[in-house]
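Only one chain is included here, represented as C-alpha cells and corresponding to the form predicted alone.
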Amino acid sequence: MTGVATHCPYCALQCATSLHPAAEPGAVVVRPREFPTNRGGLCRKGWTAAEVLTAPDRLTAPLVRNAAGELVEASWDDALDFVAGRIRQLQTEHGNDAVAVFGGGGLTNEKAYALGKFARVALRTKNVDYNGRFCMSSAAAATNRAFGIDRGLPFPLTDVAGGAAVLLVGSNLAETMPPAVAHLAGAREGGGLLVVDPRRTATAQLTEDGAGIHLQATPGTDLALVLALTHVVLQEGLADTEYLAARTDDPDGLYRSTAAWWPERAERVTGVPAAVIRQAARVLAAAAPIHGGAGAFILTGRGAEQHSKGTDTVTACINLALALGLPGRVGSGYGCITGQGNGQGGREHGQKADQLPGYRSIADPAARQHLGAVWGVDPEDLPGPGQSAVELINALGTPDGPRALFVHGSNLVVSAPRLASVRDHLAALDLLVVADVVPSETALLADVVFPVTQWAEEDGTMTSLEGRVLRRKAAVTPPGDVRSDLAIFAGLAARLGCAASFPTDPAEVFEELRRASEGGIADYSGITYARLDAGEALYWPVPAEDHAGTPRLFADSFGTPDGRARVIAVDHRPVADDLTGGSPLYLVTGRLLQHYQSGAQTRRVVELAEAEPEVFVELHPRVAASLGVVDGAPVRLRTARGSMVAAARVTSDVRPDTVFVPFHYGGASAVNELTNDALDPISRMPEFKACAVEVSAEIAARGVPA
C-alpha cells in the first residue's frame, strides 16, 4: 500500500492526511498533507487517529442480547432477521412511527443520505433526527432566516487569514481546531483578535501582548454583549449605511432593536467593562471595508449557540455583521465554525427531522415530488416532519411515542442533556439497535449492536466547515465481520419488503444523492468522484458538471425571495436555569485539546487518554478558598437534574462566578447528567452551555471520595 490521500476523521476542519502501511495488520500511519485549511498541520487527535482502527475492544461481529441479558455474538443474518421481525411486529401493533432513527454528524454524506431515506422509505417513519441538533442547529436556524441559506462558512477559511479583525463568539479554536489558528495570524498582528468567552481559554490567551481583546463575559450573556457592540457601531457612525440600505430589508429595525443597549447597561449584564466594549467595537469597525480596513470577520461557535436563546444570539452576530457591511464582501463576512466532521453535509441530505436531501424542506410539495421520483415512491407516502432530537428522546418508550430506536454515529448517553432522563427513555424501549465501531456507553445498553466500518475503511465524501465536498478513501480492510451502515440499511430494507433500491456501494449512493439534491439549496448534482479525485475544489452549490462550484456566497444577493438579508430584532434574556441562592455559580461545559465529542474514540487512544484521563472541574481560587478545597480535591456539583463528583482544578482562567467541566467522559464522569434540556424555541437546541450549579467540598469516607 502506498500513501492513500484522505482526511482526518474528527472535526469539520477536515485536515488533509495520507495513510501509510504500518507493521500491525489493519493499521496505518497518519501523515499530514498540505491543504488550505490545515496548511500541512495536524493536532494531537489527528496524529493519533489511526489507533482507533486497532482499538483492543473494536467491535468485529454483531451482538444480540440473550435471555440472560448478555450481549453475545450472532451472525449477520440472525441479527438482521431478529431486528426486522421486531420492527414488523412493533409497526403492526403501534404504527409506522413506532420506530425512530437517530443519526450523527460524523457519518459520510452517503451514509447520512441513506439513513434519511431508510427512515422515510423503508421504515416509513417521521421520527428521524441526529446529533447535529446538539451542534450548530442554532446557527443554521439563524442563517436560514437571515440569509435564506445555511452554509457554515460562506467563504473559504483562507479568507480569514487576510482579515485585520476577527470576532470569535464562543469558539475555542486553539483547542478544538488547532491548525485553524494559523488563519488568525493577520488579525493578531494588528491587535484585531477579539474573543468572547467566560474562560481564559487557549484561544483567549492569543489576544495577549497587544494581539487583541478578551471579552470575558458572564455565561449566557453573549447576546447582550453583541447588542452593545452593534449599538456602538450604529451610534458612533461606524456602520455601512449604504450597504444596509441596499442589501437589507429593515435598517431602521436594526437601530431600534439595539438603541437601549448602551455599553454601560451591557456592562451590568455581562461584566465586560463599557470601555472594553467600545474599544472592541471600534477595532472591529476599523477593519471593515467601509473604513478602508483589510477585512473583518465574525465567527460563532457552540459557546454562543448551545443556549435556549442561541438562535437569537447568532442573529445578533449576523446583525452586527450587516451593520458593518461584511456578508458577501470578499475578505469579510459572518460564519459559523461547524464542529463535527460532517456537521455540514450531515444536515444537508435528509437526516434532520424536517429535511429532505439538498437541504429541502420535507413540508414542500415540490421537494416531496422530486424525491418521490428519485426514490420511486409516491410522494404522498413520504412522512411529514418529525420531532427534534431532545423531543424525540423524551418521547421514546412513552404510550404514544416510538417503541424502537436505531442509533447510527452517536453516543446519546454521554452527549445528550439530562442523562438520567435519556437512560430512562432508552430503557423503556422494546428495541434499541446501535451501529458503532466500539462498545460505546450507548452500545452497551442496546438489544442489538452492529459493528460498522470507520473512516480509513470506507469510501465516501464529507463536507467541510466551508461547504467544500471532500473525498474519504479506504486504505485498509475492516476487521472481522464488520460491514458498512449502507449494508445494514440494505439488509433491513429487503427484509421489510421495501421495493426501493438501497445500494451498498458508496459511489452508487453518491450518484443517487446527486440526483436527489439537484435543484436544492445544497445542490451536489455537478459533483462527481472523478472531479474530487482530480483535486478540484468544489464548494456547493455545484449545479452542473461544468460548474466550478461556489466558494463564496452572497456576492450579489442573499438566498431570500427578494435577495435582501433579513434584519431580525432580538433581545437578551437570562439563561433558562439561572442563579439562585442555593445554586450561586454557572456551570459551563466544553471540549479539551486531547479529546473529541463523547470521547468514545479518543478515550481509546493511549496518548490522549493519559494526557487527560479523568474529568475535572475548573474553579476560581476565590471559590476554592470559600469551599476550603485545594487543587485536586474532590468537589460535588449539583444542579436541578443531578450531581457528580470531580477533582478540582483551581485556576484564575475561569470567572469567579463560573465553573467549567469537559463533556468527553462517560458514566459517573458525564457532566451531561447536570445540563439542562431547555430548548431554543426556533432551533430546538438544548441549553448545554449554562445552568445554575451548587458546588461543595466532597467529604471523604474511609479515605475514599464519596
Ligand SMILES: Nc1nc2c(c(=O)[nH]1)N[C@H]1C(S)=C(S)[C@@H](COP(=O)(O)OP(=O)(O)OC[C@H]3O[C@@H](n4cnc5c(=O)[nH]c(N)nc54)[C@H](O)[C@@H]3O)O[C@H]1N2
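On a predicted model such as this, the values are computed, not experimentally measured, just so you know. Position 1 is the first residue in the sequence shown; the rest follow in order.
Keep in mind the form predicted together with the named molecule is missing from the figure; the text below concerns it.
**Q** Can all three of Val196, His307 and Gln597 be found with a heavy atom no more than 4.5 Å from the named molecule in the model of the complex?
**A** Each of the three qualifies.
**Q** Should Thr453 be counted as a contact of the named molecule in the model of the complex, where contact means heavy atoms within 4.5 Å?
**A** Yes, Thr453 sits close enough to the named molecule in the model of the complex that at least one of its heavy atoms falls within 4.5 Å.
**Q** Even though the named molecule is not shown here, does Phe663 get within 4.5 Å of it in the model of the complex, heavy atoms only?
**A** Contact check for Phe663: yes, within 4.5 Å of the named molecule in the model of the complex.
**Q** Applying a 4.5 Å heavy atom distance criterion, does Arg655 contact the named molecule in the model of the complex?
**A** Looking in the model of the complex, residue contacts with the named molecule do not include Arg655, since no heavy atom lies within 4.5 Å.
**Q** Does Leu107 make contact with the named molecule in the model of the complex, using a 4.5 Å heavy atom cut-off?
**A** Answer yes; at least one heavy atom of Leu107 falls within 4.5 Å of the named molecule in the model of the complex.
**Q** The named molecule isn't shown here, but in the model of the complex which of Leu513, Leu153, Val437, Val449 has a heavy atom within 4.5 Å of it?
**A** Answer to the contact question: Val437.
**Q** Between the options Ala50, Leu637, Val671, Ala648, which residue brings a heavy atom to within 4.5 Å of the named molecule in the model of the complex?
**A** Checked against the cut-off, the match is Val671.
**Q** Name the stretch: of 381 to 389, 409 to 417, 539 to 547, 423 to 431, exactly one has residues whose heavy atoms fall within 4.5 Å of the named molecule in the model of the complex.
**A** Within 4.5 Å of the partner lies stretch 409 to 417.
**Q** Using a 4.5 Å cut-off on heavy atoms, which residues of 334 to 354 contact the named molecule in the model of the complex?
**A** Gly339, Gln340 sit within 4.5 Å of the partner.
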